[in-house]
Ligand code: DC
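A single chain, nothing else alongside it, follows as structure tokens in the form predicted alone.
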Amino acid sequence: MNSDESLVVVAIDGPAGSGKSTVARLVADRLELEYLDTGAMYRAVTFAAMNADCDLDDAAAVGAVASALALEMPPSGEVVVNGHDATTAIRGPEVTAAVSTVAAHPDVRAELVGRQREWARERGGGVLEGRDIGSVVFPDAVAKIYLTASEEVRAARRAGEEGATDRDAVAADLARRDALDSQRTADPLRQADDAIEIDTSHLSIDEVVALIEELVGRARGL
């Protein structure tokens, strides 16, 4: 097991629709590091709690679901929850609508933050994307990036991902999630003080990836 000081962790945070997942995967490929979508972990807990008919507002009950969760997230991209392939289901509208509620529970966050740290330690680092990687999970990451974009661009991207035609409804849902994620008591969404902000509104994916690759190389003295 590696000490945190020896880990090569690249933390990529930001709100939904900022481009985190696409960019983080490509950065991981370029740097030959493994990639972890921490948001998928919270979605997996939400999926498991819903399948167990758990009251999602019951912090203790949802925390127990998180603690008992059998979760597999191989590099190939599948998300296996308690032995069932939930790769598609965790991206569905029901889970999407409920995940911010589940992610606000302190016991859930403590459980998953512990798993995220262990994941990186077992691999000597990695590219982790989420909402609290640079601020909470790995505050000493080699590089901390905060991706953002205008509300209009984020809504357009998310509508395209979901095949939604009502962009106003998508924008309203993003605003709701932003408020829940940034106002929660436990590990709220925020930009770490020393994170580098990149507005992706008018940048191509390749431009963002190249910029992050340059920042990581500079941080590592390469």
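A residue's number is simply how far along the shown sequence it sits, counting from 1. Bear in mind that the values here come from a model prediction, so they are computed numbers and not experimental data.
Another form exists, predicted together with the ligand; not displayed. Remarks below refer to it.
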The unique member of 147, 81, 120, 99 whose heavy atoms fall within 4.5 Å of the ligand in the predicted bound form: 99
Look at the stretches 32 to 40, 59 to 67, 192 to 200, 149 to 157 and give the one with heavy atoms within 4.5 Å of the ligand in the predicted bound form. 32 to 40
Since only the chain is shown here, I'm wondering whether residue 103 would be in contact with the ligand in the predicted bound form (any heavy atom pair within 4.5 Å). yes
Is the gap between residue 127 and the ligand in the predicted bound form 4.5 Å or less for some heavy atom pair? no
Hey, in the predicted bound form, does residue 181 get a heavy atom within 4.5 angstroms of the ligand? yes
Out of 120 to 142, which residues reach within 4.5 Å of the ligand in the predicted bound form, heavy atoms considered? 129, 130, 131, 132, 133
